[in-house]
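Take a look at this single chain, the form predicted on its own, given in structure tokens.
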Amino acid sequence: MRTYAMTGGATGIGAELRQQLQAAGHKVISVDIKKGDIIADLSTTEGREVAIDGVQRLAPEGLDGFIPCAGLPPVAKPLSLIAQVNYFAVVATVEGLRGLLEKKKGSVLFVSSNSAPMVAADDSFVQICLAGDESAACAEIDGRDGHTAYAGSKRAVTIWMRRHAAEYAAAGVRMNAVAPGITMTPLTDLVFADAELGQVMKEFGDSVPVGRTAQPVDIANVMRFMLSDEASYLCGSVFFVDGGSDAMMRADDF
């Protein structure tokens, strides 16, 4: 039996992955804002500390894996919440749980997005996130738009993973990221219902090369592999699980 911790395990992709890991006989510690083994608001420094302390209490022997899956969609308001949860909470919890991961030579699996490349790496919001200035990042993004908030937060957290992959690997901890396309979850339903972004999402979903949008199980299946021994040589990688959309949009970039 392995011990995993994850944020955002109550619904959507996180819930599916949690169920798959538990069905395989593993212990999964779930952190969520409403339903979980640890209840924490990851948009706040205090909530992140509650999450880290709670996992340390429940897994003193160490972690085989950590999946910071909690995230907010581009329709969340204020937009600064997206920066707080999708980027700063992820980095804070990964850093806070590093010691537990080193104990068992575990791995970290980030949740990126196939929308991440849609915001440039040199975008001011991305760069402020990477500089670690949470208050400045929140002020910056509150004056912009939901797409930049969401895709930019995913771009930033993926760059952070890539920049730190070698350092963590030297300590025995592999870090990778999965980059889903449109996946039918309760949060995605909110985006489809949005007056501004709903039609854009529908059109993008209709363009997926394989002919359908994803279900949580499609993403969780790949994530479960990325956490397994079979993926022990996987390090610093970004897996696009999006039915071919990234290849369609960026055929020459990989």
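In case it trips you up, residue 1 is the first one in the sequence shown, and so on. A quick note: this is a predicted structure, and the numbers were derived from the prediction, not measured.
The form predicted together with a small molecule exists for this protein as well; it is not shown, and the discussion that follows is about that form.
Visitor: Though only this chain appears here, would Gly106 touch the small molecule in the predicted complex if you measure heavy atom gaps against 4.5 Å?
Guide: No, Gly106 stays farther than 4.5 Å from the small molecule in the predicted complex.
Visitor: Against the small molecule in the predicted complex, would Asn176 count as a contact residue? Criterion: heavy atoms within 4.5 Å.
Guide: Judged by the heavy-atom cut-off of 4.5 Å, Asn176 is well away from the small molecule in the predicted complex.
Visitor: According to a 4.5 angstroms non-hydrogen atom cut-off, is Thr188 in contact with the small molecule in the predicted complex?
Guide: It does: once the small molecule is placed as it appears in the predicted complex, Thr188 has a heavy atom within 4.5 Å of it.
Visitor: Does any part of Gly12 reach within 4.5 Å of the small molecule in the predicted complex? Heavy atoms only, please.
Guide: Yes.
Visitor: Which pick from Thr93, Thr158, Thr148, Thr183 sits with a heavy atom within 4.5 Å of the small molecule in the predicted complex?
Guide: Flagged contact: Thr183.
Visitor: Just one stretch in 203-211, 224-232, 36-44, 56-64 has heavy atoms within 4.5 Å of the small molecule in the predicted complex, so which one is it?
Guide: Checking each option against the 4.5 Å cut-off leaves 36-44.
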